[in-house]
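This document starts with one chain, in the form predicted on its own, laid out as structure tokens.
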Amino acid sequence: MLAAVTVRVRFAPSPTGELHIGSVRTILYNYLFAKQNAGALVLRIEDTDQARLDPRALPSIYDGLHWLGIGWDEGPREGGPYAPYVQSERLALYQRHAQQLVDQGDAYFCFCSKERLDQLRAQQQARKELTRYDRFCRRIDPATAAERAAREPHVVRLKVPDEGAVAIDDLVHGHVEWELATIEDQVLLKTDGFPTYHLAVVVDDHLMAVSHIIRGEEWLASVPKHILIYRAFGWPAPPMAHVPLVLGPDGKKLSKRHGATRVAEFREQGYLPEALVNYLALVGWAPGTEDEVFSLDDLVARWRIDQVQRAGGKWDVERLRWFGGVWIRRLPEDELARRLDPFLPPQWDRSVVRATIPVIRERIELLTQAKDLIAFLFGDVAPEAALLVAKKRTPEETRTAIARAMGSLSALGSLDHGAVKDALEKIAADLGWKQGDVNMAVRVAVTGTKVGPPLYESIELLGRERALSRLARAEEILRG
């Protein structure tokens, strides 16, 4: 724990698309770090890339994270001591800081056109050189540059020192160092007056008193640029942790080509939020024990930044589905019934649905799977003859077995699943059939499918009248 430090961490998504599962994993790590250290978690919207804004993004962030149970303390809707929390509402602040760097000689105005920069890049590529700005405008007298900036389009660039190195001791990657000769004079303020990510993120993190930066490792290459901006302002850079990417099965960054990646998709597919959080935490973190099932509270107690791995964690949908089943079985039955409700037709009797919970909970990993499993209770079934015929048996032999089942079930005093089991076992023994063959024929007759909840319990749920009616219909089908 970091009791001596007032911990403030942030997650700062760009609203260019709906909430992505890779972003959620990074947000989760920030949340856990804040909770462990009695700190604050801040939501900041980094919308300086105005051309790519998506109006669905902010609602998806709020809806998705609230569904997952991840909360925060300050943000665009919540407010806070460092408002506004949307970068496009902080433009004057960035412009003042960019001008400050120009005034103190740590940045300069650049008037190079896009055409000149494209030509420069093409020439460097042809010579197989590192593509970078050639500092052409850095040689302009500052007074002349200031006069031109008042009337000409321009950007503001950082003056990167010619020699030396910058380094950090990353909380995940350890010591990382960069030679300044490899860092170009980056743009800080664009021609439209909007800051680049590099200026805005440093200014905001400092002014919002962010104590630790936890973000994806794709930003590790930007660290030297940020360190130089911190130095130019005379600000200390906070400790940083660059967590590994979430990778697809092919080892490349997880994207929609690998399947579902938006949080909304997982919600629609019937995953429990507890399962998604549990699994996501383990994509890049190992607890050092055999334990693997963790609630959000468990993760607050167990997760540690120094246990986060450097290597990217591969996304495994089958593993996620397994966690889905684990968490479905952990839910109290009434709660599972409540979670199932949005995925079932509104006209279905909820008391009947509730009665199915003990029967189906071991057989589902997604909430969406329940509907097909219990549909036989809410509508008629008409199985094809070919589906009814038992393995290696004739239609006539199968009809005989079904007729025996009708007689046995009608004679039972109680149609509880134990009595049904005894009756069907006796039929199999009398006919000399495998139990599974008898059960499959009866299952198809009463449910219309070969896959479903346990047969004996299904018949009990269906009730004597409907079970016998369906067996009679199956017998007619087999009679031809």
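Since the model is a prediction, treat every value here as computed from it, not as a measurement. Heads up: residue numbers just count along the shown sequence, starting at 1.
Here the subject shifts to the form predicted in complex with a small molecule, a form of this protein not shown in this document.
- With the small molecule left out of view, the stretch that reaches within 4.5 Å of it through heavy atoms in the model of the complex is, among 213-221, 359-367, 300-308, 399-407, 213-221.
- The contact with the small molecule in the model of the complex, taken as any heavy atom within 4.5 Å, belongs to V201 out of L254, L272, V201, A107.
- For the residues F376, Y133, Y197, W72, the 4.5 Å heavy atom test against the small molecule in the model of the complex is passed only by Y197.
- Contact annotation for P13: at least one heavy atom lies within 4.5 Å of the small molecule in the model of the complex.
- In the model of the complex, no heavy atom of D437 sits within 4.5 Å of the small molecule.
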